[in-house]
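Shown below, as structure tokens, is a lone chain in the form predicted on its own; questions about how it binds or moves come after it.
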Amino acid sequence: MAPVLHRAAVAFLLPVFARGRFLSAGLALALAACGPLPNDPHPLDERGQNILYSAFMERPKHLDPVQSFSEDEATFLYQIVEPPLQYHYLKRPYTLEPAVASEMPRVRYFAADGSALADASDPAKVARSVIEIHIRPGVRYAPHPAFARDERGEPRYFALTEADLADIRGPGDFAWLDSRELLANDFVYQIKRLAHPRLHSPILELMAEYLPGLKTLHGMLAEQAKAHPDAWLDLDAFPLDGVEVIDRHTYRITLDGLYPQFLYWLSMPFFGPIPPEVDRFFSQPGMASRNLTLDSWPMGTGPYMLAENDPNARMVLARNPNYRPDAYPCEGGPDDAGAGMLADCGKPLPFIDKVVFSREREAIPYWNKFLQGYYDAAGISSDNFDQAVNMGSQGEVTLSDDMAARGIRLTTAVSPSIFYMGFNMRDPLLGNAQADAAERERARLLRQAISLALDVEEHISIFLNGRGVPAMQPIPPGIFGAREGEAGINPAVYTWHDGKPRRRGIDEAKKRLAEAGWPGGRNARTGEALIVNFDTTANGMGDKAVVDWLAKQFRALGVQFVVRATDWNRFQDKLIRGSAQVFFMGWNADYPDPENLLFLLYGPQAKAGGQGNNAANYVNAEYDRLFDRMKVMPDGPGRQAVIDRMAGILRHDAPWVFWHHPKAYSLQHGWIKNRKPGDIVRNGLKYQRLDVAAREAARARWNQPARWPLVVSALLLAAFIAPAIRFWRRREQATAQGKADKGEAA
């Protein structure tokens, strides 16, 4: 018996099937996915455009160059704000070169009596260092409403009302945008902002050591802000001793004493330009409540400008139409020419029109979209490591066959960073800094015992997939002061065996523990158990798997391990109060000089009480004297000898468990050109280039919709419907024949 269909169903299917169009309808259904890729997360109107796609997992907190000091913020800020200097993109070791400066600044030295000193003079004789910076003429800012003026030449947007701001979400929403030339005073204005009492710059204390005028200015501005809490502080009205404008394109900075590392600071946004007009524009009532601030909308003369800022979803950098003439470098490292890194020599920058950053809260979606070609580059998480690379028997790393077949490339580099487990030297158990010599020695032996017991190599293998180099001192490989081979090992923890460092092991750790007065993890006098408290946040080293591993390591030593987890803000409060006991921290070098790493253990930088970066609150008079000497020395054998002695002191005192220097593993699709790893070079987006056609072709190959389910469904539907159609046609034919017979009878 033929299946019986509801009359309405038959009526619905008639337009498709009654005219013999079933097959063509099924074919149309099967081919419907041949248009836009069905899984493309990007807007359709961006297809085929010169846009680089990336992702971020943590929203940037500060984009104001006076406050920003983290890596996730640098990703955006260094493309927008141009300081006087930058690092050569390709050369290693890292080399400073002019950015918006017309030439490298010359530093002159003067004695206390004002007489000029030669460059190689005794640092102790240098009373003042004078740095003169000349800015390139004709450099212009990206378009901004702060520069817009009316027909009378008056600023258009310096008296905005609530109504004026009703539909404004970003600077680009204003009807009028304009620009002006970069001036020397803009750099001086930004230096003054370091002392602004409402901004809390993280480098104020450090810079005030060499620019005492900053503290004086801070006091003046604080009084003014207190007297006029709602008023804009026009910093041009306040002098800053040690910093002056010479002419339209020249300014001068006079430092107390000698500070060779200051030129590195001139490559950071802290010392980039901020026009007074922009500061005034963003200070108007109603701006901050709408996130219309420099902290959300940085501006500058760089190759890109921030076009969209939704830190919960998407951030977009667009090409700055006013960017100065700039060209791709024509020289680099010894391997760069062979790697094709010099093929774009002399071509104008930037190559890419737009950079889109999408918020990805989980690593798996990020990874999957990279494999589909929707992100142009990606890191490698532990979950994806085995899928991405192969580890050889000798630790060599190669790209997996699947990745290589897709044209993906792997780059690796040891990052200029240090991760460490710190001991609070003010803690009565582990630091005991105020106790007598015997008690301090017992605390030192206890720290060394823990350093020996914690198998850093195992941690790197299990949790980092081998992506790290065990640290022997604070200075990572590639920065002056680091030692290779046997000369570079930490002899308190390692021996040198068969050409490699070998960890001394748990037996040596237990021996040190007993010497410290805690045999078997018990107090030799009272019998009480040894308890160590680990202060951490809920993620990172506070992750359960890592904590369980740490607890196992401490149990092997006979020590009870207690985790005190908290959020980031409370963790920071503990460090500032000096109430943490053991904690895990890291530091990315701001510039390639040992001073920027060894200062993490410099006594005057103690975090407790002073809020410096010495989180361990370590104080050693000899180390501090050597640091003061080392930081003003030029690189050479003499400086290396001082650093070696400082490293020896740290290895003996063990204020840290030296953990690891991370290895950065990065994957990139073959259509990205000129991408060279180097964490110190943070303005690298302008050098990168895309082969958009190759990307479009790869996306189309990798993301073809599966059409067979549609075809199978169509065939099943045809098998189900065909008998009903035949039944319907026979009935129609019978009805027509019946009517014809009646007509003939009539």
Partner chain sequence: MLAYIVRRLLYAVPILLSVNLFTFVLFFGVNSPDDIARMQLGAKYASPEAIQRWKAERGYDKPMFYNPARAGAAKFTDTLFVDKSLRMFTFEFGSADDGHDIAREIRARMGPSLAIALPTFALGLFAAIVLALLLVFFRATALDFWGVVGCVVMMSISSMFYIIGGQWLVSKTWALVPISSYAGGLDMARFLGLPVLIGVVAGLGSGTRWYRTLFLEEISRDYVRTARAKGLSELAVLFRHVLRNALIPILTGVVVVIPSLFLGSLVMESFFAIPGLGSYTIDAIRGQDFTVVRSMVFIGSALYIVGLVLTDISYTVADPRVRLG
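Here, rigid core means the biggest group of C-alpha atoms that superpose within 1.5 Å across both forms. Positions refer to the first chain, counted from 1. The model shown is predicted, which means the values in this text are computed figures rather than measured ones.
Not pictured, yet referred to below: the form predicted together with the partner chain.
Heavy atoms within 4.5 Å of the partner chain in the predicted complex are found in exactly one of 124 to 132, 315 to 323, 419 to 427, 201 to 209, that being 201 to 209. This chain lacks the partner; the member of Arg651, Arg503, Lys369, Arg409 within 4.5 angstroms of the partner chain in the predicted complex by a non-hydrogen atom is Lys369. Of the residues Trp671, Tyr189, Trp587, Phe147, just one reaches the partner chain in the predicted complex with a heavy atom at 4.5 Å or closer; this is Trp587. Annotated contacts: Arg440, Asn523 and Lys552 are all free of the partner chain in the predicted complex [non-hydrogen atom within 4.5 angstroms]. In the predicted complex, none of the heavy atoms of Glu486 sits within 4.5 Å of a heavy atom of the partner chain. Contact check for Asp455: no non-hydrogen atom falls within 4.5 Å of the partner chain in the predicted complex. Contact check for Phe69: a heavy atom falls within 4.5 Å of the partner chain in the predicted complex. At least one heavy atom of Pro38 is located within 4.5 Å of the partner chain in the predicted complex. Within 4.5 angstroms of the partner chain in the predicted complex, the stretch 599 to 614 places a non-hydrogen atom from each of Phe599, Gly610, Gln611, Asn613, taken in sequence order.
Trp297: CA moves less than 2 Å between this form and the one not shown after rigid-core fitting.
Superposition of the core reveals a Cα shift of 2 Å or more for Ile721 between this form and the one not shown. The rigid-core alignment places the CA of Tyr323 less than 2 Å apart between this form and the one not shown.
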